[in-house]
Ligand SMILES: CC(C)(COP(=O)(O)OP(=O)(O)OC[C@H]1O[C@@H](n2cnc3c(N)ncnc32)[C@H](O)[C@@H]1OP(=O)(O)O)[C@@H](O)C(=O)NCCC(=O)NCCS
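Have a look below at one chain only, the form predicted alone, in structure tokens format.
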């Protein structure tokens, strides 16, 4: 990640900027503030945000204690700058597990390529799990500690 950027734990004051990223990143399957509040209460150590040099939120990640990444998004103008990678790497330092998991829409080729570059491997397909009937790829990252 570039200099003058930092990763920190989510604070409720960050919700407006996180919601802007959420709306921009997800056409379908968008979460509301209540969903973010739930994750913040359940996994405060695994809900991280990335800030730019002006302390503006430019990305977030939510990961539980078992290493399941529930959501990750980076502001469109900040993508391909190492922010998503830095968020995932920070989770691998915080969460005490050897494996991280996530699922992604089968049609989301850019996200799949991104995860594969980080070392995630496709493990299985879940048929029709999204509300519109689309399949999801389940992906796993093995951590060598």
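Positions refer to the first chain, counted from 1. Please read these numbers as outputs of a predicted model, since none were measured by experiment.
Here the subject shifts to the form predicted in complex with this ligand, a form of this protein not shown in this document.
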| item | value |
| --- | --- |
| Which of 93 to 101, 48 to 56, 30 to 38, 77 to 85 sits within 4.5 Å of this ligand in the predicted bound form, heavy atom basis | 77 to 85 |
| 4.5 Å heavy atom contact, residue 25 and this ligand in the predicted bound form | yes |
| Partner proximity in the predicted bound form: residue 107 to this ligand, non-hydrogen atom cutoff 4.5 Å | no |
| Contact flag, residue 114 vs this ligand in the predicted bound form, heavy atom cut 4.5 Å | yes |
